[in-house]
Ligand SMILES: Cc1ncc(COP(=O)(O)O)c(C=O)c1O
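Below you'll find only one chain, the form predicted alone, shown as structure tokens.
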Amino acid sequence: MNPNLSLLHPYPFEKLAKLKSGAEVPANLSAISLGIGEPKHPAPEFVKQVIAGNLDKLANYPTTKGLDELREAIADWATRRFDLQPGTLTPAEHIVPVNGTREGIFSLVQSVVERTPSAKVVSPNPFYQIYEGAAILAGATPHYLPCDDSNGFIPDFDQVPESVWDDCQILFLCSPGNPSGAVVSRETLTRVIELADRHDFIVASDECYSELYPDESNPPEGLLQTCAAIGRNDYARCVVFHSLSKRSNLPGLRSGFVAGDADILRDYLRYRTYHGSAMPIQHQLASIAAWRDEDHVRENRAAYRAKFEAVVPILREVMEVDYPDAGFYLWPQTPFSDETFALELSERQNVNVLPGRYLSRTVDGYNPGENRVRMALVAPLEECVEAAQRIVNYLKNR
């Protein structure tokens, strides 16, 4: 067996299940889950119709590179969404379809990390656990950059030692962030690109929450958008990950893409050809339809906006909680241990949230997720409001 498998941490939801093992919940209250970031809004009907109308494609092997039409739809969408110079993000060279961002992130790390004793993969802390697991299984050492309210939940890249940058092979960004919702600014992205050029590493930006934002006139900046703004139209050392899971309420479709530096993606595609992870053709056709439609995405944003506007004022009666820049998570402080909060809230109110420490690592005695919980506002509006009211009741009566 790969000895590095023993270095993998349990997934956050495994830790949560262990925490709640043996706990009893009130029988008179229905369960409300704010723990898992799985969209619960309806999948678009037109996407389902495309899949249903193309079930005969089950008889065909899909290619790893995907349909030309899919890569064209992605290139058109990304160019329009991120104000890219037309023709610079080409379907043939700059885009690889993947089966969701998790698969894309994991496989990209395996394909690009050079297995040297000093190899590092740098990521924010808290973080999406695939960054860490992919690094470990690629033979690299994860290095964590703390994100808390002192730095607006964005890493302070100027505080990172030069030695870490020298050993860095991939820097992960997550913008909008999971769990904070913080958006990395163009100024900071420009600074990161400068660091990548100086120290020769890849900037990998996980942007799967980029289409969930409160202000229709102010969408979050993307890494490729910053590249275009500074004239870096070859996207050198930069790759981004996008998905239909959150944007289009299609987590079960497992459809996303990696885009950016053509040299990186050429070898990445070679890796994935052997990896054998090709998107089914009927899913590709459904994805084309989803990427070409924005009406359902605007409706999706409006639904999340309504939930934030209803829930945050209720929670502010008993907790310190801010509206996120984007995404669908709340990241409030808890008045005592986040584990105690999550366990007691489940036992007394049958509401599930995720302790913040499960999304973070303790470095030099400090865990930036402690005394916070992640709440995913994915349930219907009425359930989110009821969950917030139950949280208020729990804290007032504790």
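Residues carry their position along the shown sequence, with the first being 1. What you see is a predicted model; the values in this text were computed from it and never measured.
The discussion below concerns the form predicted together with the named molecule, not included here.
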State the residue from Pro146, Gly100, Pro324, Gly133 whose non-hydrogen atoms include one within 4.5 Å of the named molecule in the predicted bound form.
-> Gly100
Though the named molecule is not shown, can you say which of Asn178, Gln169, Thr188, Ser248 has a heavy atom within 4.5 Å of it in the predicted bound form?
-> Asn178
4.5 Å heavy atom contact, Lys307 to the named molecule in the predicted bound form = no
Contact flag, Phe106 vs the named molecule in the predicted bound form, heavy atom cut 4.5 Å = no
With the partner left out of view, is Lys120 within 4.5 angstroms of the named molecule in the predicted bound form by any non-hydrogen atom?
-> no
is_contact(Phe341, the named molecule) in the predicted bound form, heavy atom dist at most 4.5 Å | no
What stretch, of 311 to 319, 195 to 203, 125 to 133, 223 to 231, brings heavy atoms to within 4.5 Å of the named molecule in the predicted bound form?
-> 125 to 133
Going by heavy atoms, what in 158 to 176 lies within 4.5 angstroms of the named molecule in the predicted bound form?
-> Cys174
